[in-house]
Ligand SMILES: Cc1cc2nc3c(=O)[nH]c(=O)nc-3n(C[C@H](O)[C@H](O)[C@H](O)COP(=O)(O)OP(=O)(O)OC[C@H]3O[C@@H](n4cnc5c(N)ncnc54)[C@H](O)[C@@H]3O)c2cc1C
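One chain is shown next in C-alpha cells, namely the form predicted on its own.
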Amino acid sequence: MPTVREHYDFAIIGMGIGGLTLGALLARHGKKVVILEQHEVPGGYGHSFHQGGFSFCAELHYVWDCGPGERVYQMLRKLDLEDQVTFTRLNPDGFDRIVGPGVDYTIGSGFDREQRRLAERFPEHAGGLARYFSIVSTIHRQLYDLPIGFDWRTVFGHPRRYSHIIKYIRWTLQDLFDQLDFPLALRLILAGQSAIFWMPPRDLSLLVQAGGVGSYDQGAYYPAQSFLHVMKSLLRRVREQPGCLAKLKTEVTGIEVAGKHCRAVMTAAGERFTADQFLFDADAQLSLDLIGREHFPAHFLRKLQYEYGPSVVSVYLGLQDLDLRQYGFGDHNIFWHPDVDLNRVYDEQLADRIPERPYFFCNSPTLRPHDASLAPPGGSQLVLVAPCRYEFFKQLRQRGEDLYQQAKQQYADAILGVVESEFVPGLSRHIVQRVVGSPLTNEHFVRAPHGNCYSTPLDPRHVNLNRLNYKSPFPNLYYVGASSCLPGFATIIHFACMLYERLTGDRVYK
C-alpha cells in the first residue's frame, strides 16, 4: 500500500523554473505546497552540475526581462529576493556577435540604434530595415499584452489591439525577409541569433522571432551569482514556509483521477500525496502516461499531438591558464556560421552525420560576473552548443554504446576544431575538464522527450492560437512550462506569475 502523506493545497510535479516560481509564490502566499522532482538538483534545463572543480549550468546562457522593474525582478520582489538574486546586464553596445563568411557583426540593444547601424552598412535597404524593426517591435508589444489562456476569441475579438498577431501569425521569418528582399548577409545578421530558437528562417515563426529579439532588445542579462543560486533561492522559499514540502530524487509514477478531478500523485517510492489542485511542470505529453489516455477527451488528445523540436550537442570546457579575452571573447555570445545562408546551415547541421564544420553558439560564463564556484583559481569556462538530430544519436546507441560515445566525442572534436582554427589557436592544451552532452543526455536528466530544447518546433504550425495553454481537461490540473506557453527563462516566469494571479487573485505585477 502507498504511504499516505498529509493533504496539500497544491501539488507541483517538476522543479523547472515554472514549477519553482509557482511553488515559491504559492508557499509565500500561505498555501500548503508539495513540489516533487525526479532529478537530484532543481532547475530543469537551468540546473547546474559539477565536474573537477567547475560548476556548469546545463542549458541557460543568458536571459531577458531581469532589469529593475521588469517581470523577473517583480517576481523576485514579491518573494523578497530582489536583493539576494540579482542580474547583471550584458553590454548594451554588443552582447551577441554574429560571425560567418563575410559577416562579423555585434548586436546591441535598441532597435533604433541597430536600424541606423544596419542602414549604414546596407543603405539600399534602409526603408526595408525601418519596416522590419517596426513590424517586429509591434508584434513583440502585442504578444506581451496577451492574457494567460488566450485563444482565437481573445485575439479576433480585439482586431485593432492584436492587429499584427492576426496578420503575421502564419508567417515565417523568411516570409518577411523575402517580402523585403533582404540579401543573405543581412538575413544572417537579423536571424543570426537563431540559437535562441534553433530554427532556420524558412521555418521559424515570425511571432517567435519578434518575441525573442524584441525582449533581448530591451536588455540581455546574466545572474550576478549563478543560475544555480537562482534555482536554490526559489526552492528555499518553498522549504522555509510552514507545512510545505519539496523533495528531490522523487519520481512521480502516476496521477490518480476520481471522476473529472485529479486526486493524488504517486511516487516510485510508494508515496501518495493528495491535494486540491495540481500543477504539471513537465512536457504536457508526459501527463498522458501518468494519468492514462482514457481520461482525456479526443479533442484534447489532438492538442497534445505535437512534434518535438531539435536538440543539441553541448560541450562544457574547464580551462586553465588561458585568458579568452586575448582572443576576442568577453561577456558577449558568439554565433559562428560556416555558410552565409542560414537555411543551408541547418540542412547540413540536422543531417544524419557529424558536420565537418558545425554551426555553434558559445560563451564564457567566467567572463561575466559570477561567484567563485564556477571555476577554480586560474580557471575559466567555455560552453559551446550546436543543434543536431535526436534520431542520429538514438540510432547509434541502439547499434552500440561504444558507437554512441565515440560519436559524441567526434562531434565535440569537430566543434573544437573550428574554435581552434577560427578563434583560439592551441585551445586544447588548456582543457582540464571536458563534458559532452547529447540529446540522449537531455532526455535522461530532464526528461525532455527526444532531448528537445524548447518542446515543440517554433514554427507557425506549432505556434498558433490552438497551442496548449495552462488549461487541462481536469478543472484542478494546470500546465506550466515550454509546452504550455513559449520557451525561455523569463517567458516561463511571466507565464507562471500570470497563472499564480489567476489561481489566487493576488497580484505579482504592479
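Bear in mind the structure is a predicted one, so any value in this text is a computation, not a measurement. One rule holds for the numbers: they count along the sequence shown, beginning at 1.
There is another form of this protein, the form predicted together with this ligand, and it is not shown here; the text below is about that form.
- Put simply, F329 is far from this ligand in the predicted complex: not one heavy atom of it is within 4.5 Å.
- Taking non-hydrogen atoms only, L468 never approaches this ligand to within 4.5 angstroms in the predicted complex.
- The shortest heavy atom separation between V463 and this ligand in the predicted complex exceeds 4.5 Å.
- Contact check for D145: every heavy atom lies farther than 4.5 Å from this ligand in the predicted complex.
- Using a 4.5 Å cut-off to this ligand in the predicted complex, each of E37, W198 and F445 places a heavy atom inside that distance.
- The stretch that touches this ligand in the predicted complex, counting heavy atoms within 4.5 Å, is 278 to 286, out of 391 to 399, 411 to 419, 98 to 106, 278 to 286.
- In the predicted complex, not one residue of 233 to 247 has a heavy atom within 4.5 Å of this ligand.
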